[in-house]
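There is one chain below, alone, in structure tokens, taken in the form predicted alone.
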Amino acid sequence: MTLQIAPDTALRDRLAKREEAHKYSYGHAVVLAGGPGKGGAARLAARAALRVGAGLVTVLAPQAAMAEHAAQLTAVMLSPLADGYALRGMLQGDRRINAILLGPGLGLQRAREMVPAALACAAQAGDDAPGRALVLDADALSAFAEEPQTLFQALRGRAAVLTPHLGEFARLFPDLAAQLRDGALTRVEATRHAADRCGATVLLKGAETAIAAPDGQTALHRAVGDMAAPWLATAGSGDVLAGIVTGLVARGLSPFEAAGTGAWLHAAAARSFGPGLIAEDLPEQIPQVLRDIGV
């Protein structure tokens, strides 16, 4: 069965914060960044994760990019990260880190090193609230275009969300993308086959965003007609969506639930702002959207 995503009372209750809670009650998300001059995407994602309610968010960047990030980050924390070995050590040493975003502005070479290191420390899939979940976007997907099975084998059994646009989807699942273009598969069917193949939740971005989990659950978010959000056709909006999903898994939502909720919040934030939207505006609209639904 395919569910059409909409906010409900149970979701509003989960997005609210308890008066007796503290920051670690809502998780610690980390966003890996690329080299100097490439950090904007990671900062957009990190701010979105913080705005959606993650307790702490840290950008992990190469030493050479630290000054660039330090000049622009305040509530989002910053820490140097040299390589995959250092990432493993950090994740093994701090179990409070429970959500990891890799991809926005990461760079293909850095992605090929960091993704396997992060997956080695990810939680097993299947729990309603995974201990540590990964979100893979942008370069973390394209880096494995030549050998997608390498990524799929590492993903299987892990708590993870992939957030491709159609081009990235075609790099990892060329046969499914061809069948989607030819009309042999619907968007939901293609996404469901992709999730089964890679063993992770897949969110295929678009005006009709399809979401599927490896266990066969599917959902569809239709930002069309009266619910259209055409202003999302702007650079960086996908990085913000990846950050929203990361913040939600940090808060304890399952990968499938975080993907669906994130798609809805992303479009709602764009509609709330309207014409003239740029990616920096999206995280700042999240508080208003949450107020509107009674969180």
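Small disclaimer: the values here were computed from a predicted structure and weren't measured. The first residue of the sequence shown is number 1, and the count goes up from there.
Heads up, the form predicted together with a small molecule isn't pictured, but that's what we're talking about next.
Of the candidate stretches 103-111, 193-201, 172-180, 83-91, only 103-111 contains residues with a heavy atom within 4.5 Å of the small molecule in the predicted bound form. Out of the listed residues L166, A184, M77, A120, L166 is the one that sits within 4.5 Å of the small molecule in the predicted bound form by at least one heavy atom. Listed residues L253, L44, L60, V57 were compared with the small molecule in the predicted bound form; L44 is the one with a heavy atom within 4.5 Å.
The small molecule in the predicted bound form is approached by G236, whose closest heavy atom lies within 4.5 angstroms of it. Taking the partner from the other structure, the small molecule in the predicted bound form has a heavy atom within 4.5 Å of a heavy atom of S142. The closest non-hydrogen atom of G53 lies beyond 4.5 Å of the small molecule in the predicted bound form. In the predicted bound form, the small molecule sits beyond 4.5 Å of every heavy atom of A159.
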